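The chain below stands alone and is given as structure tokens, in the form predicted on its own.
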């Protein structure tokens, strides 16, 4: 079973939920796909960590063969190649490595080289296997890292898998949820939180994924995010209180379900509801 945890913005509690669901699941696999700012490893503190460098193909121009014909720059829709002083110049940061420039070059002046864009770190924490992606600073897209990470998931389809998605609803989020069996949306009890919840709610509907919401930072009184769920008939899987104990444990990078029976029960109940929903869809 593959469960993706997502939210419309950072700081909503996505990692809190995904880390604790992985912890209570037992013999689970946790993927931190928030490659621009992964922090799941701060909670799990994995051991026996290995690293894999992730590269992408990038065009490389042989200036001696290039005659500045501009066919490559005319072909490239991302403006990743320009003709400067009758020579092709590559801007790798905006290149989407399709290989088309090589095909249209009449002089075979363009070849491909491998450029590192980040890394994948793998380790273990108790009975949870941890895989985290890290995008190098200044890189345009983390999609190649996420794809490489989730190849492991495709190789082991029967594992209980938690996917900690990037915030928002952009391409990296779509890549993270594409093979998920269920999506857990995490929302804050504010008007701004409702706006962000609506974004990811629309996304999971487009992908036709079953879903439910965990309401985080709940307190007494009006909760606009819960009102949104009622209005749009979105299942509420659980409510995490606005709690000083939780804030203290979380700020100290503690996995709360491992140290608090109250929160262990809360996340076990959320996971139970997800399992039941997935079984009904099959």
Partner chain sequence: MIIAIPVEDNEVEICPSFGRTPLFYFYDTETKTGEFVENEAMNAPGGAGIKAAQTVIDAKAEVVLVPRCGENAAKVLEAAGVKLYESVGLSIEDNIQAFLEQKLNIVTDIHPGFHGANRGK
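Positions refer to the first chain, counted from 1. Fair warning: this is a prediction, and the values are worked out from it, not measured in the lab.
Beyond the structure shown, there is the form predicted together with its partner chain, which is absent from this document and is the topic of what follows.
With the cut-off set at 4.5 Å between non-hydrogen atoms, does residue 91 touch its partner chain in the predicted bound form? It does: once its partner chain is placed as it appears in the predicted bound form, residue 91 has a heavy atom within 4.5 Å of it.
Report whether the minimum heavy atom distance between residue 45 and its partner chain in the predicted bound form is within 4.5 Å. Residue-level check for residue 45: no, no contact with its partner chain.
Find out whether any non-hydrogen atom of residue 84 is located within 4.5 angstroms of its partner chain in the predicted bound form, and reply yes or no. Yes, contact at 4.5 Å.
In the predicted bound form, residue 181 touching its partner chain (heavy atom, 4.5 Å): Answer no; every heavy atom of residue 181 is more than 4.5 Å from its partner chain in the predicted bound form.
Non-hydrogen atom within 4.5 angstroms of its partner chain in the predicted bound form for each of 122, 155 and 243: Result no, not one residue of the spot touches its partner chain.
So which of 64, 37, 51, 220 gets a non-hydrogen atom within 4.5 Å of its partner chain in the predicted bound form? In short, 37.
So which stretch, 208-216, 110-118, 127-135, 70-78, is the one near its partner chain in the predicted bound form (non-hydrogen atoms, 4.5 Å)? Going by heavy atoms within 4.5 Å, the stretch is 70-78.
So which bits of 170-194 sit within 4.5 Å of its partner chain in the predicted bound form, heavy atoms only? Just 170.
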